[in-house]
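Coming up is one lone chain in C-alpha cells, specifically the form predicted alone.
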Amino acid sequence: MELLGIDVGGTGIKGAPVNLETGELVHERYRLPTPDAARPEEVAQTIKEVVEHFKWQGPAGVGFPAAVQKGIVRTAANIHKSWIGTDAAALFTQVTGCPMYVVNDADAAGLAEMAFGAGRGQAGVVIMITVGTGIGTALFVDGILVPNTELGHIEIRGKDAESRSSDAARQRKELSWEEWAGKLSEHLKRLENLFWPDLYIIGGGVSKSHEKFFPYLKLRTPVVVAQLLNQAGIVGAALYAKSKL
C-alpha cells in the first residue's frame, strides 16, 4: 500500500509517496519553501503544489507543527497565530481535493520510528524527542501513541523548556556541545521523573551530530538516535493517514 506523506516545517514543506510495508519513499521527496508568513491559505496552496507534483489523487497525511485534535489546530508556538482554531484537515482537503489527515509533526516522526526505526518492537514507555528550532515529543506506551504531548514546552527554571534546550538555543547562546547537553539532560531528567520511560529516541536536525553530545547526557534512561532522519515526518504522516482509513 502507498500513501502520500507531507511534512510541514518552519523552512520547508516536503512530501513523497510512501511504501507502507517497508517505510521507504517510493519517489524522491519534493520540497518547497514554507511561505514567509505561513498563514493557513498560503500553506494550503503549497501543500497543493506538492500533491500536484506527484499527481496524487488519494488520501494523504500531513505532519504539522502544532497540537492537532481531530484535524483542528490548537496551538501556535512556532507558526502564525491565525492557525489556532483552524480545521487544517478540512482546509487541506478542500484546497487539494484529496482526503487529508493531519497529525502533530513530532507524533508523525515518532510513528515512523516506532514502525520502521529505532523504536521498532520496543515495549513499555518510549519518548521520541525531535530537537531542532524547537523541541517536539511523541509518547508511546507499548507502541500506542499518546497524542499531542508537547513536552518541549514544560517549564524549567521559569522558562519554556525548549528556549533552553533546543538546538536553536545552543546556537543562539553559542554553547559548547557539553554545555548544551547539560541543559538537554535537565529537560530529559524532568521527563524521566514524570513518565519513567524505558527508552529515549533523539531525532530532529541535531541528531545528525549525536556523537558530539550523547557522551555528555546524564540520564538513567537508555538513549538512541533516530534512524529515519529527515524522512521520518513524511513516513509518519502517511502512516497516520493509513490509520484513519
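Since this is a predicted model, take the numbers as computed values, not measurements. The first residue of the sequence shown is number 1, and the count goes up from there.
Keep in mind that the form predicted together with beta-D-glucopyranose (BGC) is missing from the display, and what follows is about it.
- The partner is not drawn, yet in the predicted bound form one stretch among 45-53, 27-35, 191-199, 62-70 has residues with heavy atoms inside 4.5 Å of beta-D-glucopyranose (BGC): 62-70.
- Under a 4.5 angstroms non-hydrogen atom cutoff, beta-D-glucopyranose (BGC) in the predicted bound form lacks S165 among its neighbouring residues.
- Although the partner is absent here, V126 lies well away from beta-D-glucopyranose (BGC) in the predicted bound form, with no heavy atom inside 4.5 Å.
- Not displayed here, beta-D-glucopyranose (BGC) is kept clear of G110 by more than 4.5 Å at the level of heavy atoms in the predicted bound form.
- A residue is said to contact a partner when one of its heavy atoms sits within 4.5 Å of a partner heavy atom; G117 fails this definition for beta-D-glucopyranose (BGC) in the predicted bound form, lying far away.
- Residues from 112-135 that approach beta-D-glucopyranose (BGC) in the predicted bound form with a non-hydrogen atom closer than or equal to 4.5 Å are T130, G134, I135, in the order they occur in the chain.
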